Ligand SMILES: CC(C)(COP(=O)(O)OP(=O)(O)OC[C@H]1O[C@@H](n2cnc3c(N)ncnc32)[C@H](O)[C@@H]1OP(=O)(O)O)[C@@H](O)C(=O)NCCC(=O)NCCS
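Below sits a lone chain in structure tokens, taken as the form predicted on its own.
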């Protein structure tokens, strides 16, 4: 298992961040993907605490920003506009992502950085990118992905050599209803869903939605021209695996350079009423 990498925080002041006293972190490993994490040296974490206030007046959010954000991120945080809820979501997503990156870097280098020594910036498509890693091994490259819905915040990170991207997505099962399915899925994808065992059909539409989203994030483009540009070619409900491929418009994106037969494997799971998916995109295009 990967080692926990971030520094413990002290919570004995009003402006300090209250953390999990056992782990010393705001998040914990998300056990839904345990077998996948162990096999691939990926870290997947979920925010432990979900009672954060939108108000910055009590000091919790500003205290969190001071302890978790690098200098450039602090400037972004101070300039960030929008609703108080949106600002809180941005900050909590970054916090979970920082701890997840610390996790994989501790496993790779043995010298875990503090969260503030890692900077995450958004690229031109809004995808999170690791900008600065103050670690001893300059060859260590990391990728990270963030997702949140309904007060649940998760992140996935990996520092495996040759990895081009990682994607994670979560969604409430009930939100992927029949109307959403008709919009998001092709006729062949709907046939795949209809062919699943009756007991699996309740949450698999949301799993397929998450699989598409996670694949788009791993590719670094999101679903920039629609959910149907990421196509589900097969579903293995027993192994909780979905195979996806990029369709023509996505393949034409210069930065992707996908071959015509290239596909990716997405690992899916569900946690009560929450569906989830994690996808890796490797340089050698091997299915992972």
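These numbers were taken from a predicted model, which means no experiment stands behind them. Residue numbers count along the first chain shown, from 1.
In what follows, reference is made to the form predicted in complex with the named molecule, a form of this protein that is not presented.
Contact with the named molecule in the model of the complex, judged by any heavy atom within 4.5 Å, is made by just one of 95, 208, 158, 146: 146. For the options 128, 113, 165, 107, the residue carrying a heavy atom within 4.5 angstroms of the named molecule in the model of the complex is 128. The shortest heavy atom separation between residue 221 and the named molecule in the model of the complex is within 4.5 Å. Using a 4.5 Å cutoff between non-hydrogen atoms, residue 189 does not count as a contact of the named molecule in the model of the complex.
None of the heavy atoms of residue 200 is located within 4.5 Å of the named molecule in the model of the complex.
With a 4.5 Å cutoff on heavy atoms, residue 77 does not count as touching the named molecule in the model of the complex; it lies far away. No residue in the set 46, 99 and 103 has a non-hydrogen atom no more than 4.5 Å from the named molecule in the model of the complex. Shown without its partner, the chain has 86, 89, 90, 94 in segment 64 to 97 as residues with a non-hydrogen atom within 4.5 angstroms of the named molecule in the model of the complex.
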